[in-house]
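Coming up is one lone chain in structure tokens, specifically the form predicted on its own.
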Amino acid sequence: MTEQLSVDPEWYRKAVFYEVMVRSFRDTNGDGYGDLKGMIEKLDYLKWLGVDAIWLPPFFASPLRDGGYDIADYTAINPLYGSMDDFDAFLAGAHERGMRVVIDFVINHTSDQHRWFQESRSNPTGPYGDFYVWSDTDEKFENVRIIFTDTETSNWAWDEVRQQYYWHRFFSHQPDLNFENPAVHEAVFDIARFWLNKGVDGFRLDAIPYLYVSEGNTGESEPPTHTFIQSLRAMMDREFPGRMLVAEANQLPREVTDYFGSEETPECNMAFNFPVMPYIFYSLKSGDATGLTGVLADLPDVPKGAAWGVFLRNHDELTLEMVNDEERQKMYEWYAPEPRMKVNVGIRRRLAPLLDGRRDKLDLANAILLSLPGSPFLYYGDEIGMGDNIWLDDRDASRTPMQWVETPDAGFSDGDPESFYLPVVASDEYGPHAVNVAAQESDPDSVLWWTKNTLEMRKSLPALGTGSTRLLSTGSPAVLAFVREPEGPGVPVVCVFNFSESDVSATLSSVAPTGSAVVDVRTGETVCEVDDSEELRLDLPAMSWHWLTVS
């Protein structure tokens, strides 16, 4: 039966997102690359799991020197992944199942193979001559940091054709567009309209803080960047109501919230919560929730109708830019004992290996993700506890083929595994013989069924979707607790997490009036009643989590 998409213009505030790279999911023609027909084939699986929206990283024409983030044509499908007809069929199939589709909008830079750059370098006075940032010297913008410290020594690169330097915040084969040029704005708007007219439901704004750079400043979150996003949002609200923008801005909390704009001048509907994410991992290893509690307490409010995007892992490294130097060093020691596990200012590992394959930690981490204010973003394969391959280059460690069945090809493709774009994980602990969808579908105690059931349970509790958040004192540094209060009908949910490797007793203050019954959502059993001092006393097993309703 065909489902109808929700008409709620704030659908993204209640959605569960699932990030999957097209090349990684399912290959239907045996060439070793996942394709859009493979995505269509697995739509029923995503619907069964409980996904509301699919996020696709770039699938456009590209030399693939940076996983497709080096775009050579914004309105063409990479032929390795199929055709535009295939994309249209995928989009229609997702919509028929009540799922939305969000795609990456990579507008900070292009590939150096893009027609715009080729014309800019060969014809400086032509229509594209000023589409990029050119200079006769590489000594401008010296206050701007280098992001890819492992591979780049400068933000400038010399071009032999034009005999000038061009600006790049990322890899040298990705020249930055010149947003001082109004023609660039128009070109970007035309690309947005192209995909919105097709029916995509939103854009992830990749590397959005870096659009503008000016002398003496940092080249991050400069005021004209926000002005541009405001104009993009205004166009979308006017011409394509109900679509959304989510900001990838790895910045301090106050700077991240700037990307929401205001009710008068809205910018992004959502922003990824980079500040919270690393402290989840810090707490899981240290057994101390103090830092996580602190960053949650410091999070600014978001404007009405806006929402955080919360995540544990994605296609990039686990970035450690938001923790201090001492915390970063500890996290490297804990999570990256092998030097190859590091990349840039982060760690290139998947969720399950990061947590030593421990089921209690995996459940605890995912429970936190599904409890935090905002909408959760899952990363493909994490719902079955997939592993990684740190011996692959750069961030490909965690971009390996999805593991559907136990065979050596993992059910990813009928082609020769030697031809796969990346090899299937082959370790004893995480190879497809040990971790795959088919086996977990038949095991009610598997990570997959835990994920499906917990997503379903979350959706039954409106407070966990759009509710407000009130932190609770717990009397123990190992315990994080907060109340999610529904903004409409529904019951409050008390979320409690014990990060200690030992059992802990916690006392939660000001939870509810005396005599209120506290019910465990997972079991339906009454745990206790709030005592005369309006305190709730709980005995928490090691590495445990609880969703409690109070009535």
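Don't overthink the numbering: it's just position in the shown sequence, from 1. This one's a predicted model, so the numbers in the text were calculated from it and none came from an experiment.
The same protein also has a form predicted in complex with a small molecule, omitted here; what follows describes it.
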| task | Select from the listed residues 316, 363, 409, 176 the one whose heavy atoms reach within 4.5 Å of the small molecule in the model of the complex. | result | 316
| task | Only one of 204, 114, 350, 100 comes within 4.5 Å of the small molecule in the model of the complex by heavy atoms, so just point that one out. | result | 204
| Out of the stretches listed (516 to 524, 489 to 497, 65 to 73, 502 to 510), which one is close to the small molecule in the model of the complex, meaning heavy atoms within 4.5 Å? | 65 to 73
| query | Can we say 109, 170 and 399 each have a non-hydrogen atom within 4.5 Å of the small molecule in the model of the complex? | reply | yes
| request: Check whether residue 248 has any heavy atom within 4.5 Å of a heavy atom of the small molecule in the model of the complex, and answer yes or no. | output: yes
| message | When the contact criterion is heavy atoms within 4.5 Å, does residue 395 count as touching the small molecule in the model of the complex? | response | yes
| task | Find out whether any non-hydrogen atom of residue 240 is located within 4.5 angstroms of the small molecule in the model of the complex, and reply yes or no. | result | no
| message | Under a 4.5 Å heavy atom criterion, is residue 148 part of the interface with the small molecule in the model of the complex? | response | yes
